[in-house]
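Next up is one chain by itself, shown in C-alpha cells, the form predicted alone.
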Amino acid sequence: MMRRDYILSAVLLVIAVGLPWLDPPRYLLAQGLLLFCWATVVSQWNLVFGIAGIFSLAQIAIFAVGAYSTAMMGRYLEMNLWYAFPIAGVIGVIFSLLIGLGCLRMRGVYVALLTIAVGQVLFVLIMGDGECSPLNPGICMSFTGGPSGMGGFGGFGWREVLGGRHFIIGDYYSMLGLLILAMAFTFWIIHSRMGLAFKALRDNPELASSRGISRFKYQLLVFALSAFFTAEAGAFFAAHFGSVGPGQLSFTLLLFLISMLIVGGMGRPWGPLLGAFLIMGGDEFLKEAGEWRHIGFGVMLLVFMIFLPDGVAGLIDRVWRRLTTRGGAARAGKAAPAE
C-alpha cells in the first residue's frame, strides 16, 4: 500500500507540474488552482473528521479567518502578503484552539452544531458591519468590508514578475506547493503514533482513555494541526482573487467541501484529492443545468452514502487488496512443490 501511494504521488506530481508547460487554456489552469485550494482544505478536514472522528464543521470558518487575516494585514498594515501568509496560518491555529476548547465537553452532533454556529456568527458580524471605518480614509468602507467584501490589499507579486497574462502560472505553482506540503503533512500524521492515537479515540474512546490516551490533549492537537494549512489555503485564496467577502462563510461552500470529503472517502489519505477532482468535475459538467445542478449533487451524495460509504478511495483500496491478494496466492501456488 505504501509503495502504491509513493508511485501514485510521483505520477500525480509529474502531471500537475507539467500541465502549465503544455500551454493549456487559462481557464483550465484556474480550475486546477482552485482544485488544489479545496483539496488542501478538505485534506485537513479529513484529519479532524475522518481520522480523529470529531464531527467538526469549523474548517470553513478557519478558512475565512485565514483569508480575512491576510486581507487586513495587506490593507491596513501594508504588509507584503508573503510575510502575511504564515502569520495568517498562526492566527488560524489560535482561532481553532479556541474552538477546540469550547468543544471539549461535547461529542457528535453537538460539536457540529457549535462549530457551524461559530461560522454563522462570523457571517452575521461581517454582514452587519456597515459603519465607515476611519482606517479607510477617503471612502466609506467598513473595517471588514461588510456585505461588499474587501479588496485593494495586493497579491503575491507574480503579475509584476511574469506579466499580466502569465501571473496565474505563479499562483498555480504556489498553490500546488501548498497542497504538496499539506498532503505530506497529512500522510505523516496518519502513519505516525499520533495518528494511531487519533484513530483509537475515534473507534473506541473509552478503551483509548483507559490506555492513557488523553482526549483533552489529542482533540486540541488535531484542531490546531489541521488549522494551519486550512488558514493558509484561505490566505492563498485571498491573495489570488484580490478580494474577500462573506461568501467564504456561505453554507453552500460548506456543503460543496463536505461533498468532496464524502465522495472521496473519509479517513482515507487520498480521499480529499479524489473527492475534490470528482466534485469539481461534476460541478463543471452540471454548470449549465441551472436549478438541476443542486439536485444532481444531492443525488450524487445519496448514491455514494448508500452504495459507497467509504468513498472512491475506499473502493480503490478494496480492489487493490483483492488484486494483490490474488496475485500473491497465485505466486504462492506456483512456488509450492509438487507432491
Partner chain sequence: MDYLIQIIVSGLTLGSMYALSAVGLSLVWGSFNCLNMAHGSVMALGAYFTLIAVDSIGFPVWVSLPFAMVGGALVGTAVYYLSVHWMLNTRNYETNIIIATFGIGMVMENGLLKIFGGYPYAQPLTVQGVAGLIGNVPVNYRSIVIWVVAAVLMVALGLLLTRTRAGRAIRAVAQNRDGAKLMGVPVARVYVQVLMLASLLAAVSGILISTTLQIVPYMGANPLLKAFIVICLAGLGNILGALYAALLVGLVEASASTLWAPQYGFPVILVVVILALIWRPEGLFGRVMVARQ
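Just so it is clear, the model here is predicted, and its values are computed rather than measured. Positions refer to the first chain, counted from 1.
One more form of this protein exists, namely the form predicted together with its partner chain; it is left out here, but the text below deals with it.
No residue in the set 14, 22 and 315 has a non-hydrogen atom no more than 4.5 Å from its partner chain in the predicted complex. Proximity to its partner chain in the predicted complex, taken as a non-hydrogen atom within 4.5 angstroms, holds for one residue of 175, 118, 183, 81, which is 118. Only one of 114, 90, 97, 169 comes within 4.5 Å of its partner chain in the predicted complex through a heavy atom, and that residue is 114. With its partner chain left out of view, the stretch that reaches within 4.5 Å of it through heavy atoms in the predicted complex is, among 276-284, 25-33, 301-309, 62-70, 301-309. In the predicted complex, residue 106 approaches its partner chain with a heavy atom inside 4.5 Å. Proximity of residue 148 to its partner chain in the predicted complex falls outside the 4.5 Å heavy atom cutoff. Taking non-hydrogen atoms only, residue 254 approaches its partner chain to within 4.5 angstroms in the predicted complex. Within 4.5 Å of any heavy atom of its partner chain in the predicted complex lies no heavy atom of residue 247.
Within 4.5 angstroms of its partner chain in the predicted complex, the stretch 124-138 places a non-hydrogen atom from each of 124, 125, 128, taken in sequence order.
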